[in-house]
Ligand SMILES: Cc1cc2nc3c(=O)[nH]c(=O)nc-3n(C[C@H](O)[C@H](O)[C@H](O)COP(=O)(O)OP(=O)(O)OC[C@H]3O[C@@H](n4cnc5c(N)ncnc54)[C@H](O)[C@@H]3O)c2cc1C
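Take a look at this one chain, the form predicted alone, written out in structure tokens.
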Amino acid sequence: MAEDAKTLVRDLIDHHKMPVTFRPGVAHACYSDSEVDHARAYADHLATQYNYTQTEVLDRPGIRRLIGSDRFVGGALDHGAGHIHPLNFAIGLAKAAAAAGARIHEDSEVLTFTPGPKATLKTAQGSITADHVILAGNGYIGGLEPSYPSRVMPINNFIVATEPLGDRARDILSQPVAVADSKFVVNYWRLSDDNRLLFGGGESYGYRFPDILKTVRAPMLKIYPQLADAKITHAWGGTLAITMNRMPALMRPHPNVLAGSACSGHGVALSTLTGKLLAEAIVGDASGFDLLASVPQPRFPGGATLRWPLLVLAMTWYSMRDRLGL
């Protein structure tokens, strides 16, 4: 299904002629020898158990040549993975849906949801009834479905963009790959088409954002101190959703209600696949949906009430371990 998800993204881009380029290559950058050993064991596992042989393990010189930083002792490069411009992809999907007859109402927040043979959804402007409902609000689903919050946690993540780096970009990434490091609160980055460094990192909880520039620039400069003079021209953030096992939370909370969210940072591929599985389930083929929904989805400790303070406590602990290099 993971391979199908990547293929589906590329096929949708091609079929609908979206202004989106799929760029192959996602690197995993490791801070310790033990993490490199884990990356090597994982690559071997993928090769022997799944016949997936596209992961190249990198030593210190190899990772240095690829990502232009002295911070890492090695890593891995997955040649079968890739990255795209996700907003252009989302806009492309919306245009394709609208062309197929879907009506999209971006400013009609659902305030209450009442399940039943005919489900009722109320907004500030009125209400609608529906034969089928898909709950796909990700980190913004709130309390619409009581069974969901205990398994899905909204968190915020942030990205900055530098000014175009010109020829300096080759010293940051020698190939047009995307990178994520091995920290628990992960840092991730790639170059834009106009050679800006897009660097993401930092997390917060609740719906209040910190100073994004300060939050993200600090880890960026730890990895690329040579960019201390580079201007940050854009900074933004948003709310995503995570699960305990970092797998999507697919559920059927009511007979005619499906839920699918919380791809935990893997949403470009997995949420696209999830959308297809949800659609297939509604028209009568729920085999793919039921398979992914059968993956055990543990509840967050403390349930919906205590999950937030417990998560903040846990993330603070892991963030401290990241800073100490443990």
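A residue's number is simply how far along the shown sequence it sits, counting from 1. As the structure is a prediction and not an experimental result, all values here were calculated from the model.
One more form of this protein should be noted, the form predicted together with this ligand, which is absent from this view; the next part is about it.
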> With the partner removed from view, which of 141-149, 71-79, 215-223, 164-172 is the stretch that lies within 4.5 Å of this ligand in the model of the complex, judged by heavy atom distances?
Replying inline: 141-149
>> If the cut-off is 4.5 angstroms on heavy atoms, which of these, Leu240, Met244, Val177, Leu227, is the one near this ligand in the model of the complex?
In response: Leu240
> Quick one: of Val110, Ile91, Ile134, Ala119, which gets a non-hydrogen atom within 4.5 angstroms of this ligand in the model of the complex?
Replying inline: Val110
>> Against this ligand in the model of the complex, would Thr55 count as a contact residue? Criterion: heavy atoms within 4.5 Å.
In response: no
> How about Gln297: is it within 4.5 Å of this ligand in the model of the complex, going by heavy atoms?
Replying inline: no
>> in the model of the complex, is there a heavy atom of this ligand that lies within 4.5 Å of any heavy atom of Ile159, even though the partner is absent here?
In response: yes
> Heavy atoms within 4.5 Å of this ligand in the model of the complex: does Gly267 have any?
Replying inline: yes
